[in-house]
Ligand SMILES: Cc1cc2nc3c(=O)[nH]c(=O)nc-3n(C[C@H](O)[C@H](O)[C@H](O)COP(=O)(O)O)c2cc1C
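Single chain ahead, by itself, as structure tokens, in the form predicted alone.
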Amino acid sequence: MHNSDQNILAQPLALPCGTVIPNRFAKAPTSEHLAERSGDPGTDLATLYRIWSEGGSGLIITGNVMVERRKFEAPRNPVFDAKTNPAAVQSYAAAAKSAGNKAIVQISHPGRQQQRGRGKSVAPSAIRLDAPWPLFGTPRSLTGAEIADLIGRFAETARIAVENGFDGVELHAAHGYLINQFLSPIVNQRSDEWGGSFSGRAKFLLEVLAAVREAIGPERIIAAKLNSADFQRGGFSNEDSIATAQLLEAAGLDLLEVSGGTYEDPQMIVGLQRRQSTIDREAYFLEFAERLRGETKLPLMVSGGFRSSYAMRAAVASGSTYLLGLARPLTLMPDLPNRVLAGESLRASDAEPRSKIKFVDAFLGSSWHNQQYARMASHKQPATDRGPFWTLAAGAAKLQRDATLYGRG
């Protein structure tokens, strides 16, 4: 590797809105389930994000901040709305930016991926999630008036984030959440202006982007997390993703995070992990990002799979991605960016337990990391010796406890 490649991760990145990211590391979104009962961020999240900020990432992206108090992905997601305490958001932003980096809020709505027992879920169409666990019910199709209201809620959440110290927002349009549901021809079977053709299915995302830009102004970051594909027959495809990225570029997006998959098919992510090209280069979606670079000039961030400092430098040096999105590696090694920037050659450790059942592993991995986040927020070292049975039992107990104690009114 050339000497110039050694320093490439320390180079700043100027986004179209004018904001400059100080280096090429980004803490990718993680759903930590650590908010207060009120929905405010609270001290646990502030502590955790201060650790990640001080670890050296040039950009911090928070996990799932809900735009509607009655609809959330997990019981302890933060919610930014009219009931939110501004001081709590200010403390959260200050912690996430404490080392001089930039920080943005991922804003999201679960749609049909809202867990049972918290009221009727909603979606573009009344299509139930096809997953082998009984957490999700059949959603109700949104009305036109409700869609307009939700667009306003995304804009209001973005305004609250920016007015209280964050540098912008990321629209969560991936992983089967509401915006992704509108984009999917499987989930969105509407025949009105919000469905049908590709342009109809993309309308909700573009309207949200326009409303958010009006709310936060031209000099703040608007990013989007977009699936390379949903990996379902007849679903959102690579071609759809490229066409969506081109629409987002024309609409003034600043940064595109490339990801993939939904709750319905985590097996495809496992399949990507096993490809020889992925094993060699680590990142799951790097090949698609390279294809996307030929179709759009949007700054790209690739998340998922990076572990070694060599692969990280190579990905940016080759131009395959502008930013490196790291999430799970920062659980056991929150100072990974600082160490790589200092010239250390390393590979992030991966201690999460696994079963041999793919859908179980999807919950198992999330539960294990959530448990480590809680320990980090309490200034404890990670518990790397927790096996699958202990992790699953603790995760199920936490879900039940949080659903009881942290229900939103």
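Start at 1 and count along the sequence shown; that's the residue number. Predicted model only: the values in this text are computed from it and were never measured.
Keep in mind that the form predicted in complex with this ligand is missing from the display, and what follows is about it.
Considering this ligand in the predicted complex, the lone stretch of 193 to 201, 216 to 224, 159 to 167, 299 to 307 in range is 299 to 307 [heavy atom distance within 4.5 Å]. Between this ligand and the residues His109, His175, Arg112, Arg153, the one pair within 4.5 Å by heavy atoms in the predicted complex involves His175.
Ala327 is the sole member of Ala317, Leu332, Ala251, Ala327 with a non-hydrogen atom within 4.5 Å of this ligand in the predicted complex. Not displayed here, this ligand is approached by Tyr284 to within 4.5 Å at the level of heavy atoms in the predicted complex. Contact check for Pro29: a non-hydrogen atom falls within 4.5 Å of this ligand in the predicted complex.
Interface membership of Ser366, defined by any non-hydrogen atom within 4.5 Å of this ligand in the predicted complex, is confirmed.
In the predicted complex, this ligand sits within 4.5 Å of a heavy atom of Asn370. Residues Gly63, Asn64 are the ones in 54 to 78 with at least one heavy atom within 4.5 Å of this ligand in the predicted complex, listed in sequence order.
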